[in-house]
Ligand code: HEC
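Next comes just one chain, in structure tokens: the form predicted alone.
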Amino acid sequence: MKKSIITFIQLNILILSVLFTLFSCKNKPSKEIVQSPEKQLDFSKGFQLLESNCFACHSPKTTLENRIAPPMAAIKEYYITEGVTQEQFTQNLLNFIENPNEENSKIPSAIERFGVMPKMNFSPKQVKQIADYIYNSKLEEPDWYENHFHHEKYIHLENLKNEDISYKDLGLKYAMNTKSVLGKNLIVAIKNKGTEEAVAFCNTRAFNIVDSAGVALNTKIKRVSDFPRNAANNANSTELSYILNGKKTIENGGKMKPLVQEINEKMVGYYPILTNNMCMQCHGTPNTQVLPATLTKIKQLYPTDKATGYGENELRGIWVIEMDKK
């Protein structure tokens, strides 16, 4: 009997030891990768760029029938296959963003369904920041948007809070944020009602969207051109000078750069708006790229229209962002 009791006690000690070992291994903190403050800031900027420019179209929340672009998790799945390094992924993403076309895409089914996305004015450094965030974040989790996203937003806003951001970068952020919202609405209008109704959308709602974005961001935002569709978007002499200089730069094979200058105690930023394939439906060659029905709608809504005859990657106009001095 005594021997049985000892055996029973020994058995329990053995079980407890195994459980303790398993519990300790399971809860042993994983080795964390310590990132430099500069690396953490780049990571946060990648998240911010995605939030401001990409999630409007690549949102995981949009229903399948209302989707206008694949969710970001799908992009990650197709671009980051087994064996693809972060450097390779970054280069592939850079190739597509700099020249969005079917050849540079890794998701031909998305091109077939949604068409080619508009060209975005990201710098190579910004694409690297975006790629860094996508590559190292768990976007594929089903509950990522509802739970993880809001947690991430808080963390990265904290990291960016004390950053001394330049007026040029701040203005660019405002311009791209507005472009993202405006572009999403325009794509939805084209998809659901056709190009003619997209022209009507621009006539009635584009101004309101841009104005609302300016109010939300506590700044003044407008789009202007040397050949406007709407006379209200006509460039003034200062804006016209920037546009003409930019066209010369592009004609000579250069890349147009943003400009910020102080005017009437405000910091005013100018950012180029370049045409892409989607623009040709309303701004391309009349009666070929711009179909007759669309052209009729344009003439009906914009009797003084000057905004046709463009080719791809031409300067259509500029964003003008007026900011308070810090």
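When you see a residue number, it is the position in the sequence shown, counting from 1. Computed from a predicted structure; not experimentally measured. Each form is matched to the other, and the largest set of C-alpha atoms that superpose within 1.5 Å is called the rigid core.
Same protein, other form: the form predicted in complex with this ligand, not shown, and the subject of what follows.
- The stretch in contact with this ligand in the model of the complex, judged by heavy atoms within 4.5 Å, is 122-130, chosen from 80-88, 241-249, 166-174, 122-130.
- When contacts are defined as a non-hydrogen atom within 4.5 Å, none of 43, 259 and 261 contacts this ligand in the model of the complex.
- Taking the partner from elsewhere, residue 220 is found to have every heavy atom lying beyond 4.5 Å of this ligand in the model of the complex.
- In the model of the complex, residue 198 approaches this ligand with a heavy atom inside 4.5 Å.
- Taking the partner from elsewhere, residue 114 is found to have a heavy atom lying within 4.5 Å of this ligand in the model of the complex.
- Mapping the unseen interface onto this chain, residue 93 counts among the residues with a heavy atom inside 4.5 Å of this ligand in the model of the complex.
- Taking this ligand as positioned in the model of the complex, the residues of 273-290 that bring a heavy atom within 4.5 Å of it are, in sequence order, 273, 274, 275, 276, 278, 279, 281, 282, 283.
- A displacement of less than 2 angstroms separates the C-alpha positions of residue 294 between this form and the one not shown, with the rigid core held in common.
- Once both forms are fitted on their core, a CA shift of 2 Å or more is seen for residue 121 between this form and the one not shown.
- A movement of the C-alpha atom of residue 225 falling short of 2 angstroms is seen between this form and the one not shown when the two forms are aligned on their rigid core.
- A change of 3 Å or more separates the two forms for residue 121 and residue 282: their C-alpha atoms lie closer together in the model of the complex.
- Between this form and the other one, the CA-CA gap for residue 186 and residue 52 narrows by 3 Å or more, being smaller in the model of the complex.
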